[in-house]
Every structure is written in structure tokens, then in C-alpha cells.
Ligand SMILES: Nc1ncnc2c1ncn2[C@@H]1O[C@H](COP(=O)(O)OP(=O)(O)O)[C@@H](O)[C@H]1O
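Only one chain comes next, encoded as C-alpha cells, the form predicted on its own.
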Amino acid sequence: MGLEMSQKAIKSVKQLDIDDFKILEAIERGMRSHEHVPVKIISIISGFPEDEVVFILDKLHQLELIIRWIGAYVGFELNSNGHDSLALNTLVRTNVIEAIGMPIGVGKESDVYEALTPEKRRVVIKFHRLGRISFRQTRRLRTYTAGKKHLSWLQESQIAARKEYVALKRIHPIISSVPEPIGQNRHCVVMELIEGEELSNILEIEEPTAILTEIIEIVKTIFRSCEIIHADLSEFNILITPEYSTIIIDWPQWINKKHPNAEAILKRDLNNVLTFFKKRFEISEDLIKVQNFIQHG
């Protein structure tokens, strides 16, 4: 479903002009205070006459970029296609990417596509989609929505993308065991393309102990030098490259090591990894010793 929506947005971007994007942006701004944005508000934000707004809204609705709501009044909101179109247009206009290619994967909370920069570098673009799970579950699981009771799916996805980008910007200059961040707009993060296999998919490996040792060292470096804890670490977001290097991905849930629950969250991350290695490769490490090594050396 998500990948299909992104492909619609990719096609639609080519059919939109400057005025179309201004109306999409006006709806986006209006959604900060309205669940369904009235035509009058869209007109005020965009500066376009209402009759022109209505004409453009009809076009956007036909392209399946917005949702029309009819109740006490007629209102509009972005759907995922419209949100994607705004982000893609900005990333192209600011020379972050030049083209978007084939889908790489879809998850519960994101879609990932291959893309090209203007320099023809192969990268990935990740679309955060927190609305794919229920808002209640999202807020229960996500640290970055704490205390924010009225966030829309659009706002939550944008916060997730910004948070992941911040983590990568902080970590990558210190240790290259995360993707290099290249750009970010709205709910999208553009980053280095990593050729690798999810650890969860690897049934056999020559030196699993060495891989586990490397993961622990990476977690330690990021904890001590960057003051960051992944907060969702498991075999599903650890990649093993063809050269047997380890790359840790998916950083939107990260917390600072000074967070009140930092110790418990670090322990949970480590327990996930150690439990996997024990079940899959019969390697046993003491959780408390590993945690003490990371925190205190």
C-alpha cells in the first residue's frame, strides 16, 4: 500500500506546477490547526482567490493528492500522496536528489526507495509513515511524541524524520557505522545507500562472535562519544555488509544517555541483541557485564 502511494506521488509531481504546490503547502499549513482545512483558510494562506483555489483543489483531488471532506463545511487535507509530493518537490528543487527509482522495502512505519543525487550518486530516500499504525500505539512506543497529545500523522512523521536525521548527523562524523545523512525534508530522510543484509536474515556466518563484538563496540562508541542510545535496537535494524562490516539503521527513536529511562532502554537494546545471538549462533554473553562495559568501560 505505502509503496503504491509513493509511486503515485512520483508520477503526480511531474504534472504539478508552482501554483499547485502552493495550494498543497497551504493545506499543509492549515492542517496545523484544522483537521479539515476550509477553502477560505486555504485562500488566505495561499493568497489566491477562492475561485482559483477551488479550481486547483479539483485538480489535486483528481490526482489523489488530497482528501475532500464534506460535513458542516467542505474541507481538505493532505493524504500520503500529497505529503510525498511536497517533500519530493523540495528535495529535487534544492538539489538533494535528481531522480527516484525502485522501491527497496516497506515496513510498518516507513517506505524506502532508491534515488539519485545530481552527481549521480546512488542514495536512499526514506518516507516515515507513522500513521500506518494506530496513533495510540505510536504514542505509547515513541519517545518523541511524549507530552504531545494532538499530533496528526503528518506531524508525527515529520518529527520522526527530523529526529532520525539529527541522530545520523551527530553519529556519522564520529563513527561510520550508520548511514551517511545527505538531506531531509518533512517526513523524508535521504541517506547513503548501504549494500547489506539484515542480521535477522542471516542463518550462518563465519565469525558471529566477531560480529557481536563489533556491535557492542559500536553501541559503546555512540553511547560515550555521541551520548545517544538507539532505543529500538534489534537484529532487524542491523545490517551486515558483504565485507562483514556492521551498520546500524533506523534511528528515529533514539534518546540521550541522560534520559531518565536511559539505563533501562540501553539494557533492553542490549538484551535484544544478546538474545538473538544466543538463539541463532549459541553465543552467550552476560547482559550486565556488557552494559557495564558500555557505560563504564
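In this text the structure is predicted, and so the values were computed from the model without any measurement. Residues carry their position along the shown sequence, with the first being 1.
What comes next is about the form predicted in complex with the ligand, which is not displayed.
Looking at the ligand in the model of the complex, residues Glu109, Glu192 and Ile249 each place a heavy atom within 4.5 Å of it.
Residue contact with the ligand in the model of the complex: Ile222 places no heavy atom within 4.5 Å of it. Contact annotation: His187 falls outside 4.5 Å of the ligand in the model of the complex, judged by heavy atom distances. Using a 4.5 Å cutoff between non-hydrogen atoms, Leu239 counts as a contact of the ligand in the model of the complex. Contact annotation: Pro179 falls within 4.5 Å of the ligand in the model of the complex, judged by heavy atom distances.
Of the listed positions (Ile205, Ile104, Val92, Ile175), a single one reaches within 4.5 angstroms of the ligand by any non-hydrogen atom in the model of the complex, namely Ile104. For the options Leu88, Ile171, Val124, Ile211, the one in contact with the ligand in the model of the complex, meaning a heavy atom within 4.5 Å, is Val124. Only one of 268-276, 32-40, 231-239, 51-59 places residue heavy atoms within 4.5 angstroms of the ligand in the model of the complex, namely 231-239.
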